[in-house]
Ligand code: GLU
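Below, in structure tokens: the form predicted on its own, a single chain.
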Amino acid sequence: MNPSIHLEPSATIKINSLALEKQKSGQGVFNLSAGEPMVDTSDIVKQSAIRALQKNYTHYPPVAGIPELRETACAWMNEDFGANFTVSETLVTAGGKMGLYMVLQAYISLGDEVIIPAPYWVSYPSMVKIFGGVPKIIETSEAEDWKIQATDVEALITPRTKFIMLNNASNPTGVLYTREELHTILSIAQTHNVMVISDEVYSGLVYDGNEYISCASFPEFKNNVVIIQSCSKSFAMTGWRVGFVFAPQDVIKILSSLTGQTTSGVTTISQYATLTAIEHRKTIVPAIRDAMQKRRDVFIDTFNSAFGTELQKPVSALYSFIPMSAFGISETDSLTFCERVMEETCVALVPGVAFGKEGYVRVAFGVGEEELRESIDMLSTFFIEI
């Protein structure tokens, strides 16, 4: 094994394995761990895939993506998020995750540092470590709305700092940064010649009329920013595996070469389906967003009523990051807690330690409203009894 790779076992996979074991034994499982909107892909998108099959669009695609999709993806970012990308600054990838992976693969050398705010998406530190990089974690707090502070960012920058990893809107906290906050972070990065990777895959799932601000909307920082996008969350297309990287042309050229030597491009049928999805985004995305906002409301309102808490409703993404104290307990070992909850109630939660924050659990509210209510009923009954 490559000695530079030191990956810890995934806590999320451990919980998921327990859930699968229970399902195999015939037990029903309330899966509040799945990070996806549990709604069907739009019929118009599925019909587009069928037409692609009928037209025999089943051969190798252009490595960087079919031209029509790259053009449409540019228009999406430029029109909806105030960006100014060209086709040559656009790459279609096998999901946003693969896009992020290739960026790190292309630019991280042994000992290079990547600044990552915690709580973080579980894969960020591991990906950095795969290529011999060093994750430098910025701790944030619920009291400060889980947002990084400018002084904390500057304090961690060294000559080895290659990237600042920004997840806006955030998994697992649902935090949403303002234009002023983003400008400050981007300005610091540019001053220190550090690139910002902005993971924006939840940009369509913003609630209560809040505005989403993309890091691509600052022309003065364009050459210092890499945008990761995806159709998985906002378009309910997780299984189609289509994402995008928007970045300076020289970055896209390198990533295109990597694509040519690895995946050879994204499934042609999925690309044509995604083309249709983006063309119809004005109807598809709001419908999914509204459904997720309703499920968020059901979850938070039901949880607060059951446990006598005052959890705030996250303004974006698909998750509530809940302190374990909200369950009326004093323990803080989140993995042991989630294992016990899974065993006793068949409710799957994700331990906060997987996101770099002990004493919390992540709950996904992407499942149906009835499943949300039933899972909270199971949890409240269990914790009342103990």
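So that there is no doubt, residue numbering starts at 1 and follows the sequence shown. Only a predicted model underlies this, so the values are computations on that prediction, with no experimental measurement involved.
Beyond the structure shown, there is the form predicted in complex with ligand GLU, which is absent from this document and is the topic of what follows.
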**Q.** Exercise: Q271 in contact with ligand GLU in the predicted complex, heavy atom 4.5 Å
**A.** no
Q. Looking at the partner-bound form in the predicted complex, is Y360 within 4.5 Å of ligand GLU by any heavy atom?
A. no
**Q.** Heavy atom of T12 within 4.5 Å of ligand GLU in the predicted complex
**A.** yes
Q) Going by a heavy atom distance of 4.5 Å, is K222 a contact of ligand GLU in the predicted complex? A) no
Q.
Can you tell me which of 32-40, 326-334, 58-66, 339-347 lies within 4.5 Å of ligand GLU in the predicted complex, counting heavy atoms only?
A. 32-40
**Q.** Selected contact from K136, R295, K129, K97, since only one has a non-hydrogen atom within 4.5 angstroms of ligand GLU in the predicted complex
**A.** K97
Q: Name the residue from F244, F299, Y202, W240 that puts a heavy atom within 4.5 Å of ligand GLU in the predicted complex.
A: Y202
Q. Which residues, if any, of 120-134 lie within 4.5 Å of ligand GLU in the predicted complex when only heavy atoms count?
A. W121, V122
